[in-house]
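Only one chain is given next, in structure tokens, and it is the form predicted alone.
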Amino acid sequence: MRSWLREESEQIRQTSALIGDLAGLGFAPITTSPTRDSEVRRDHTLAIIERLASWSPSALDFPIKIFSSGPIFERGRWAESLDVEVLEDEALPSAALIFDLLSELISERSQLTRSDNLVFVVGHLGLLRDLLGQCGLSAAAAAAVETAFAHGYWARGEQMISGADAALLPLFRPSPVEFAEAALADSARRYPQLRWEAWQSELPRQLQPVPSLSWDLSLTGSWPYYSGPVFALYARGQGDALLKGGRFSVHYQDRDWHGVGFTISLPQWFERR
């Protein structure tokens, strides 16, 4: 029991330090209820937007840099987490801002013993949907591919696009980010409607101190509100992601809310190996 108490105390200490880092970078805390209307909180984003929507529009000073902490209920259990968001009023927020923030937080507070254990995986729902359109799929078939990817059925999704132009197929396969950039540039010359320059600006060039950046369009995020780049950070040897997030758009109470952010799984983030 003493060992468990020491581990819990250490996680609280490190969480406090992480919150201090965010506050120092201009992020403000917001509280959200873990339960409402007989439902448990399964993510922070919708709870944050619900809280913001309760305020007068004139009281909202965009961009809003905000975070919320507390447990979320997933896969049949509660897990301590910390959610970090940047919300914009009209324009879509830049993913580069979040990538820069992640670089700083990983460098300062992850407590992982070896940085070369880290793998950052990035996908892009906007590009995925554009590519599925270029494959000649109907809207229903494209949605079926996206659903298959979202549930981890990569082989099923790949089978659905097997008849597409061979030049497009490599873009759907996991690869290093630099390979994806080259493949995208080549495909954009053949399909200028792919908006290569727009997608290029949303790919991370580096994420210090993460040595491995991977591209995987089957990464679609866990929630239907994601609309652009999505990403997850893993440590080799740990099954669950240390953090995951992306850019989102939510229509709530007759208003569109745009943001980009991520949720840190605190037990994985602070695990010592």
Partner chain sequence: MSARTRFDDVRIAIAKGRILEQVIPRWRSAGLGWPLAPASRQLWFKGTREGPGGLIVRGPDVPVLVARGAADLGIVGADLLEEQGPIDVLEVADLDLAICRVVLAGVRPELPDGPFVVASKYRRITEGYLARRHFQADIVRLSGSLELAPLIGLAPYIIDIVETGETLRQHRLNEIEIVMRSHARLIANPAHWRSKPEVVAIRDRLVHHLA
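Numbering follows the first chain given and starts at 1. This structure is a prediction, so every number in the text was calculated from the model and none was measured.
Form predicted together with its partner chain: not shown, discussed below.
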### Answer range among 97-105, 81-89, 134-142, 169-177 for contact with its partner chain, defined in the predicted bound form as heavy atoms within 4.5 Å
169-177
### Task
Please run the contact check for Val119 against its partner chain in the predicted bound form: heavy atoms, 4.5 angstroms, yes or no?
yes
### Task
Mark Asp240 yes when one of its heavy atoms lies within 4.5 Å of a heavy atom of its partner chain in the predicted bound form, and no otherwise.
yes
### Query
Hey, in the predicted bound form, is Asp165 touching its partner chain, heavy atoms inside 4.5 Å?
no
### Query
Is there a non-hydrogen atom of Tyr234 within 4.5 angstroms of a non-hydrogen atom of its partner chain in the predicted bound form?
yes
### Query
Can you pick the one in Ser227, Thr45, Ser218, Thr32 that has a heavy atom within 4.5 Å of its partner chain in the predicted bound form?
Ser218
### Summary
Contact check, 151-168 vs its partner chain in the predicted bound form, heavy atom within 4.5 Å, ordered by sequence, gives Gly152, Tyr153, Trp154, Ala155, Glu158
